[in-house]
Each structure stands twice: as C-alpha cells, then as structure tokens.
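In structure tokens, one chain follows: the form predicted on its own.
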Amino acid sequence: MKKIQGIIPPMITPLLDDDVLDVEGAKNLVENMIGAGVHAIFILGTTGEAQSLSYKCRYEFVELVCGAVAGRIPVLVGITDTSLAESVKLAEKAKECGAVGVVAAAPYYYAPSQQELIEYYTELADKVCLPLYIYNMPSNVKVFLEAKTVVALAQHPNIVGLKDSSHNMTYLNSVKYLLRDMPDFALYVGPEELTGEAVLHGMDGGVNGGANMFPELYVAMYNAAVAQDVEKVKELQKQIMAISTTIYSVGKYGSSYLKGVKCAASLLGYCNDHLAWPYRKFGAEERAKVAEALKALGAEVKNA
C-alpha cells in the first residue's frame, strides 16, 4: 500500500442518542472533510469515542463511513481493544467495508511491558487482514511505546506506521532518526499544535481533531509545512493555537477536548453533539463559550 501523507482527521462519531448513530451528520462531516482536501479519514479512535461505543455501533459506523467515502480517499479504522480477538474481528469488518488499514493503541487495563507490547503487536499484525498502524497514546493507555519498541515492530511486514499522541517531539524525532533507513514507515503526529513543526521535520502528516471543524486550515498547514513555508506555518499556527486554547479548554473535564469538538461541530451545523456514556454534552453556558470562540475564529455559527 502506498504510504498515506497529509491530514487524516480522527473523525468524531456523531450520535443522536446512546448507541444511535447520527447518519446524516456523519455524511455531512465526510463530505465537508473530503471537499476540503483531507488525505484520509481515521474512525473509531480517541476522538471517535471508540471505547465508549457498543460493538454493534462500531460495526455500523464502519459501514456508514466507508459507504459515504466510497473509495474517494483512504479510510483507517481504529481496532483498539483489551481483547485481541475483538480487534481482529473489527479489522475483518473494516476490510469487508473497504478500509485500507487499521490502527491500534496498546491494551489499556494492565499496563504491558515493552516486551509484551512487541509480542502483542506481532500477534495482532500476524492476524489482522489489513496493514496495521501502531498508536502511541500514553495518557489514555498507561504505557508508552518506547522508540526501540517502535523500531522493533517496524520490522514486521504488516506494521506500516506510527501515530504518536505523546506530545513529545523529541521522542518522535528520535523514532524518525532510528528509522531513517525505512522511509516507507509512516509517522504521524496526533496533537495538532505540533503538526506544522512535525511536517517541517519530515513527518508524514497530522491526525488532527480540529479537522472535524476546520479541515481547510489543517490541510493548509500541511501544505505550507511540506513547502517549507515557515512564515505561512507561523501564521496558521496562531489559528490552531486559538482553537486549542479556547474550544478545547472549556470546563474542567478530562474530556474537554472531545466535548469541545462535538459541540463545535453541532454549532457549525454538521451533526448532533450527543456523547456516549460516561460523558455528556456541554450545557448552555459552556455551549455559549464555544460559540463565542467559533465567532472569534471567523466561523458562522448556525445552531447557537
């Protein structure tokens, strides 16, 4: 498979109610992101609330998004689970629906050792029917994929890339250096505040939640960084930081980022802002703060 480079939005999972997908909202988001020029879509990740969704809902969402995308751009499907067997089953569903790859963070109950991670990902890569991207998400799974572990896993022919959400550019640069003789191994950064810097340093793109709301902005950032247009990167970085410090920072919640993205998508008229348990959507006061932040960014608020 040709390496994917560019902006890969980690798509939210629009819901009308608990375990009920917002079908039209999901289609709206897909069309808006594709129209803005994103390079792929990643579903059922952290931003997609995968671990809060029933397996039934996850399978339905894979069908829905792959059907809406209809092969226009690649779709990656998150298969993170504490059960390897369930990850493999979801990978099979992803392939059946036309996805091109799967993404897995580490199992997240008992924290695995680095050797256990190598053994786990090797077994998973052997069993899944699509190329596998490993996902470093230490804040949510209690374990850090060390650089040497990534290098060891990169030797597996079915492990094709890393998504890093550690907020640690020293780590990502170390991985890139250690894999300098493996240019086909993809390296993506999750935190959008680091995307411009990462791509300037030769990383392959960003998996940026803000692209659910403003996909054009993140595509422009990627293009500017690829072109080594540092002044443009600095200009766009200010807008990205404005999003990060307002929309993602409402309230004192561990889920403020997720609540903010879903609330903003609702205010922009794309989809419903219902969240899966154990989280609930913003109330009126918090929603008003997100609306003001969107207006300050020059966006048209449709559902205030």
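All residue numbers are counted from 1 along the displayed sequence. These numbers come from a predicted model, not from an experiment.
Here the subject shifts to the form predicted together with a further copy of the same chain, a form of this protein not shown in this document.
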Exercise for review: Among 71 to 79, 151 to 159, 196 to 204, 90 to 98, mark the stretch whose residues have heavy atoms within 4.5 Å of a further copy of the same chain in the model of the complex.
Suggested key: 196 to 204
**Study point:** 4.5 angstroms heavy atom contact with a further copy of the same chain in the model of the complex for residue 51
**Key:** yes
Check your understanding: Is residue 84 close to a further copy of the same chain in the model of the complex, meaning a heavy atom pair under 4.5 Å apart or at it?
Key -> yes
Exercise for review: State yes or no: in the model of the complex, is some non-hydrogen atom of residue 112 no more than 4.5 angstroms from a non-hydrogen atom of a further copy of the same chain?
Suggested key: yes
Review point. Looking in the model of the complex, any heavy atom of residue 123 within 4.5 Å of a further copy of the same chain?
Key: yes
**Study point:** Heavy atom within 4.5 Å of a further copy of the same chain in the model of the complex - qualifying residues of 153 to 177
**Key:** 167, 168, 169, 170, 173, 174, 177
